[in-house]
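Single chain ahead, by itself, as structure tokens, in the form predicted alone.
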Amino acid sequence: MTTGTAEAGARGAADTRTRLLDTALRLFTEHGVEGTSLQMIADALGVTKAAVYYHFKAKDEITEAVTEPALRELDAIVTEASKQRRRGAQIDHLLAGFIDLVVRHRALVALFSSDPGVARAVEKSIHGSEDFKQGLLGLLCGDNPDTAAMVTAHVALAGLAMAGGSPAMAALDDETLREALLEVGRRLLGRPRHRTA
């Protein structure tokens, strides 16, 4: 096999994997993780079930792969926010990044809060990552937060995610949804509204 043929094969496999994950997300949205079989994914892709098994050995692996890019983005947002010098700038960066993520991944975010299969995949991905969880909550709550601060942070994140992924918001364009979520997030977290010149 020549180098060009090997590269084309690798690109084809990557494209198939991407199409598989996109198809799985669509089917998970329509039928839930439990209601979606590997055969349904194969049929929707127009491939054999064996072709799906070539990329993933189980539906749990597909579910984890569907959630992984958004979780990786969230981890990067937390890391970047922690580099900001002022606490207010850290919160603003985290809030804006989290909302951008919610808006870009509406279908997936809706599944995070409504589908037990996706919730398990998310929990498995971040279970051993106490640094990530502590970093996220630490940025929002500060050092030695009281119960009210912790509850506020959880309500803000969960509420923004649920609202952003809600079918009731499907008619809103991305920018309108982003602005509305940012305004609500600032209120929930006690952040002043940005002044425009």
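Residue numbers here begin at 1 and follow the sequence given. Bear in mind that the values here come from a model prediction, so they are computed numbers and not experimental data.
Unshown form predicted in complex with a further copy of the same chain; subsequent notes refer to it.
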property: Heavy atom of residue 27 within 4.5 Å of a further copy of the same chain in the model of the complex; result: no
property: Distance check, residue 113 to a further copy of the same chain in the model of the complex, heavy atom within 4.5 Å; result: yes
property: Residue contact check: residue 168 to a further copy of the same chain in the model of the complex, 4.5 Å heavy atom; result: yes
property: Proximity of residue 57 to a further copy of the same chain in the model of the complex, heavy atoms at 4.5 Å; result: no
property: One stretch from 146 to 154, 36 to 44, 49 to 57, 65 to 73 that, in the model of the complex, holds residues within 4.5 Å of a further copy of the same chain by heavy atom; result: 146 to 154
